[in-house]
Each structure stands twice: as structure tokens, then as C-alpha cells.
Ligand SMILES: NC(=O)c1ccc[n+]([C@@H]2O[C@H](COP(=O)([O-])OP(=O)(O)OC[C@H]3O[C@@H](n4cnc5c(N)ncnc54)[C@H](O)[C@@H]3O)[C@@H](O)[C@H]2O)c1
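Have a look below at one chain only, the form predicted alone, in C-alpha cells format.
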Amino acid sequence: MPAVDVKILKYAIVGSGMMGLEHIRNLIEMPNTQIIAVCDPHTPSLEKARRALNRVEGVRYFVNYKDLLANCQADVVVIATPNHTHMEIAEEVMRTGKHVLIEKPLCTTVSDCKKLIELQTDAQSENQVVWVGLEYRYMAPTRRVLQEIGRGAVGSVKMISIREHRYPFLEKVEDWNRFNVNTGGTLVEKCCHFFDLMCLIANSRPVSVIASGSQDVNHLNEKYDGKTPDILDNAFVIVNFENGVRGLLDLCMFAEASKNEQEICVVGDAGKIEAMISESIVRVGRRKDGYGSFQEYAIEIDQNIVKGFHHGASYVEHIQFQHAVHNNFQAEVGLLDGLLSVAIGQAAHLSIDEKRLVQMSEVLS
């Protein structure tokens, strides 16, 4: 893990809901890091931030992010607001030249993601780090999977299978996450994490998507201003990559009665590796060792890492982010990564709606 410079980085947090508080908890524990401002228009959320920061001196609180940007000298802005607000806020933050970490999904549509990429290109701000919060890359079991693949444990990767069997969407402020117009759809909002992992593991660009999904169980009896939620609660998604690798996502959001919320399986011509995320176990099997053979590893999280949500991944993400800032590196998880993860989800929703294979060029053009 890279060492962090001694220069103190000053942070502003825009959005202090569940993920905003997660970032606050992590940043409080990081050396050479100071939170100087928090913004949230929702009073109860802002009060939760005050309580979390009650021992931190000099924090200023705002209800409007524009006031925050105009009145605090932060080095870094973390955007952890509802999905449909990312585009507007990120655009203004990027224009200031401040470093920014934008929570996933980057935006709710491909077109908005592309606007941010164009802005970054036009600004030509070489030293500005613009990072997308796809922190599942940094879960300890996932990192071990990536390391094993890099060492050639499975040979040439051919198939990627990711299963998430979990609980329904949590309640959010004003229930914004109950509708596709706010989230981008379940396969964008939640599953951008997994599509990002597929792209990373395949080491290739996605070319087509075919999906089947529905809203069968969750939120059907709920009403908001007379409207029933329209978010999918289960789906299968197959992603085809340029290099021939295929990825499969198996999502179910009414399967909380299970041992592992997430499982990752990668198969190559020389072997297979799988990670049981909740159990923090990785199994590696090599074909040369014969039928039924495998090695199992218990993956321990570094004791210096703040566990929090996502098995400590958010803390590791911030370490990597700071390393990029201090050393004038590009973001390890940049806007293109954010775009592709959203584009696959958008293509999957289109495939479900129109019951057909969707070329990625259709959503990326």
C-alpha cells in the first residue's frame, strides 16, 4: 500500500447521507487529512454529520453546495449526493480545479457521463484528480482475486461470473432511490460496481449486452405521490467483450436469507478462482493439479484499515486517491471507468425493455 505524503489535504463533503457519513468516518481516521466543510440540504442528515464530527474543530456546515464552494478552501470535494444530482454538482466542482471524488454511479445516463469527460478534456487541468467511487475494486477478497489473475493463476481469462443476492434497496431521504429517473435504474445504480469489475478483470472493452430482468417482489405495494416504484429487483445480464471474454451478472434483491451477499468467479484456460465476499474467502483451483483440487485462503483485512461499509474498501480507496493527488498521478478509477460501468447498465436496461441483444455502440454513440 503506497505511503501518503505529509501534506495535509483539506476535504469538503457534499452529501451526508449513508455514503457521505461513510467517507467522513474514513477520513477522520486518515493521517494528514482534515475535513473543513460539509453540505446537505436535509437537516437530519446534516445533524448526523455534526455528531460524527463533534470532536473535529473548525468544520463549517452548509445547506447549499454553491455556498460551500464559494466559501471554503478545500483541496478535495467528495460528492455523495443522490445519483441524479451528480452531473450538476460535479460540473461546478470540476470547474473550480479542486480534486473530486464522485460517488458511483458517475451519472444516471451515458450522455451526462460524456459531458463530464468533455469538460475534463476541455479544462486540460493536468493536476486535477477526478475519481469515481467504484470502491468494490478495493475489497480485500476482490484485490486477492485480481492479484491471482495477474500472477497467471487461471491463465487466459475466459469467463467472469458475479452473483449478488442481497436485501432490497434501503430507505433514502425522500425515497429518491425508488424510481429509475433518479437512480438510472437498478442495473446502473447498484450494478455499476460489478460491470466495472468485469471490465477490469476482462481487461477489454464491452461490445454487447443481453439481459433479462423484472420487478417481481420489492416495493410493489409502496406509493409515492400516487406512483409505484419502478426499480428492478432481479436480473441476469451477459456482457460480451472485444477479446472474447464473457461476463455474467446474477442479481437478486430479495435473497437476504443467504450466507454470502456477493460471489465472484473467474475461469480461465488454466484454472478457476472464486471469492466469497461476506466470508472473506478466496479459492484457487489449477487444472494441472487435477479434478477437485483447490486451495482455500482466508482473507484478512489489514488492522490499520477502517472497516466501515464494503469491508474496508472505502478506506483503501481514499489512500489510493490521496496517493494520486500527492504525486500528480491520474485517477486510478477515472471518468472513462465510470462511463463504461454506467453504459453497460444502460444497455442492460435497454435489452430488458426491448427484449434483444444491444450493441454497446448504441448507447455510447
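We number the residues from 1 along the sequence you see. Worth saying up front: this structure is predicted, and the values here are computed from it rather than measured.
Although not depicted, the form predicted in complex with the named molecule is the subject of the following passage.
Put simply, of R60, H42, R50, H323 only one has a heavy atom within 4.5 Å of the named molecule in the model of the complex, and it is H42. For the residues I281, I117, C72, V173, the 4.5 Å heavy atom test against the named molecule in the model of the complex is passed only by V173. Contact annotation: the named molecule lies within 4.5 Å of heavy atoms from the stretch 80 to 88 in the model of the complex, the single such stretch among 263 to 271, 80 to 88, 206 to 214, 247 to 255. Using a 4.5 Å heavy atom cutoff, none of C113, R137 and D196 lies near the named molecule in the model of the complex. The closest heavy atom approach of A343 to the named molecule in the model of the complex falls outside 4.5 Å. The closest non-hydrogen atom of A12 lies beyond 4.5 Å of the named molecule in the model of the complex. Not displayed here, the named molecule is approached by M19 to within 4.5 Å at the level of heavy atoms in the model of the complex.
Remark: R178 does not count among the residues lining the named molecule in the model of the complex, judged by a heavy atom distance of 4.5 Å or less. In the model of the complex, the named molecule lies within 4.5 angstroms of a heavy atom of only one residue of 51 to 72, namely Y65.
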